[in-house]
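Just the one chain here, laid out as structure tokens, in the form predicted alone.
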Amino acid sequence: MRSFLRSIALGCAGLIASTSLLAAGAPDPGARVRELLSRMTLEEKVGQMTQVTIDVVSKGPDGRTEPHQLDMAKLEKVLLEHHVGSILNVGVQAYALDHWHSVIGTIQDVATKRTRLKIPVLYGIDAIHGVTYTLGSTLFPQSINMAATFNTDLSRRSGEITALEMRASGIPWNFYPVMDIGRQPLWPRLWETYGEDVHLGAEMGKAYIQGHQGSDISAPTKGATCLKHYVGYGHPFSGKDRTVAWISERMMREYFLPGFEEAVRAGSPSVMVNSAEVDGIPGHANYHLLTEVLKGEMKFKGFVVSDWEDIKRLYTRDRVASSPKDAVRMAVMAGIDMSMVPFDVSFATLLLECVREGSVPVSRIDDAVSRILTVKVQLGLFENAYPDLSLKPQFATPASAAVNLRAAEESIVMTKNNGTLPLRKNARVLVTGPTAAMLSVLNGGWTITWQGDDEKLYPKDKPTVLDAVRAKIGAGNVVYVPGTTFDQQIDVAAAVEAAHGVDAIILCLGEKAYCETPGNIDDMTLDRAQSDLAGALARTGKPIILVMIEGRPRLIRTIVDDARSVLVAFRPGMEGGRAIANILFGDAIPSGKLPVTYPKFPNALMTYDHKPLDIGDMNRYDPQWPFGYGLSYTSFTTTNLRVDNQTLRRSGKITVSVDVKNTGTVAGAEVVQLYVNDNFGSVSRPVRQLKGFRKVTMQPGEQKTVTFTVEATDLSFIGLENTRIVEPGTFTAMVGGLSVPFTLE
């Protein structure tokens, strides 16, 4: 295990350009960057700090005419006159692979052949569960699902495949992974996170970065990642997107910063900023977090990019800047290196004014530009900025689809089973509910379009849940009645009538696809139309298998008791329909575990790592299902939990071991989870914290010994002085229902 954020003396915030951003083996870009910087005009420098969306260089009055075409006059103006260094995004919808080749090739033709210094453009995209804006790509389960696998190897493989397919598209820079943990279940971006836990999120994100980047991001099938959204975005007080968070310095360092530090240490060369505010300070104006902590304490040598239009919002929305120019000054001096403007070049114009009047020193400009150019050098863009056409045969291969299917299967969590699952393949079933016959709900936002909700654009060769069930047991054994939309009844009476002639009901409920602020809700309770459908079907007496397809936990306590079995599927991706059917009929064994606490009540939101005070005389941790919970078609027992030494020295380590046995009748995988409780601390400590996990596959009757290594730094926490400390005392290690004490000297 890796320890988290350490107490590091504040270092120099400025860039030492010769320092490599990545692991050993990457070339030192320093000399080339210094030489380029010495030749650049001030206009060329601020241009490198400017990022515009592809609409700005595309045909049509708003740049969104379909079919998409670049506008050469606009492109030349942006690159030749304003020296813009980065372009991002897609137009109305995803492009075909060949069109991306044309787009990237044309942009780089202008940048590398016609600009004075021949500096290539850095193109970025939100490839958050695969290359979402390239048609036909391998679209994995969303992050919340990947976390539910508790399988870092799958996270690493998804990073590898995504990087390859991005490079096959000609795009070297991915705005992903989200390293801010999701501790507010109302938040519409919860599904973009790796869940509520510090350790799980850090390990899954680190594995993804390692797969995506390898040891050299200039390699033909690797690319740069971008950490989102620094920092505290995932804990808004209201639960609404882009709203206020109140996070103390101690809480920030204990829960939200550690994942970013692990990701920085893993080599991610860029960071995107939190669009909201923390403790009254907008993310884009937070010098303490951006410069003192990220660039100072964490020694981050990459560059910081703003989120969409958020520098402008320091003036228009947040009202902390007195003018658009003051907003630019404030953001750059806080530590932002590149502005996602994104619809114009106003940032460059205003930044030039700031430098010329002396409110932004040239040294700060040189720092930012050096960071940006360093990443371009390390990506190998100066040698070859063009799409690698030889990668086309490796795009969206059957082998990649097989990895995707496995990830989807392992991400689905069975939270209840009263003997109904797996279903017999000669069973006659009713499939109903608003998520049964849609691909968009399996994938969610950032899929083909921004909101991911345009069903007609989804591929015809990928099965919905309904399609996959029909393929599994034959169309003649499947009755389909929609029942409801998400919030309106359609034919509930017809669904009830159909239920009388079947053996079981597969009830698919949940949420439509959404992304960011359009996904805000006022009530976590499932829509009334869906709960009414569930109630009407329950009164038939037929066994109900509830399948929840959703981006966040929707409250279903009134439905759970009536269901014989429950699958929490979240957003399992393009192979999600097939994966769900495989689990329903026993061709895959469920092994997913909840990466978030699934709440039972709207006003009882508590994470698993709560404090003792949270469960005092009048309070209790009473979720629908707890973090780390998930059932299987087989059974496992854990016995003989032990430590190799009852005393842990400051400079040493101990080994925690437990025996795990498959006591069921089929092979299966179990996630063995190690939790630790610090019995007493100078700051109140959580009742338990995840410190390690291993996923082990076993045949019936097989037993394995699972071991974890614990070091003193793994027991550290943020003390009274808001620095990370290691405090001696007694601890309890816990696996399953077992516990064993040990002492830290």
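A residue's number is simply how far along the shown sequence it sits, counting from 1. Bear in mind the structure is a predicted one, so any value in this text is a computation, not a measurement.
Quick note: we don't show the form predicted in complex with beta-D-glucopyranose (BGC), though the next part is all about it.
From the candidate stretches 225-233, 99-107, 668-676, 487-495, select the single one in contact with beta-D-glucopyranose (BGC) in the model of the complex, where contact means a heavy atom within 4.5 Å.
Contact criterion met by 225-233 only.
Report whether the minimum heavy atom distance between Ile473 and beta-D-glucopyranose (BGC) in the model of the complex is within 4.5 Å.
Flag for Ile473 set to no.
Is there any non-hydrogen atom of Ile161 lying within 4.5 Å of beta-D-glucopyranose (BGC) in the model of the complex?
Outside the cut-off, so no.
Using a 4.5 Å heavy atom cut-off, state whether Trp625 contacts beta-D-glucopyranose (BGC) in the model of the complex.
No, Trp625 stays farther than 4.5 Å from beta-D-glucopyranose (BGC) in the model of the complex.
Is Trp308 close enough to touch beta-D-glucopyranose (BGC) in the model of the complex, meaning at least one heavy atom pair within 4.5 Å?
Contact check for Trp308: yes, within 4.5 Å of beta-D-glucopyranose (BGC) in the model of the complex.
Of Met340, Ala327, Ala348, Ile448, which one comes within 4.5 Å of beta-D-glucopyranose (BGC) in the model of the complex, counting heavy atoms only?
Going through each option in turn, the one that passes is Met340.
Which residue, Arg189, Lys295, His83, Lys312, is the contact with beta-D-glucopyranose (BGC) in the model of the complex, using a 4.5 Å heavy atom cutoff?
Selected residue: Arg189.
Within 4.5 Å of beta-D-glucopyranose (BGC) in the model of the complex, which residues of 498-532 have a heavy atom? Give them in sequence order, or say none.
Stretch hits: a single one, Glu516.
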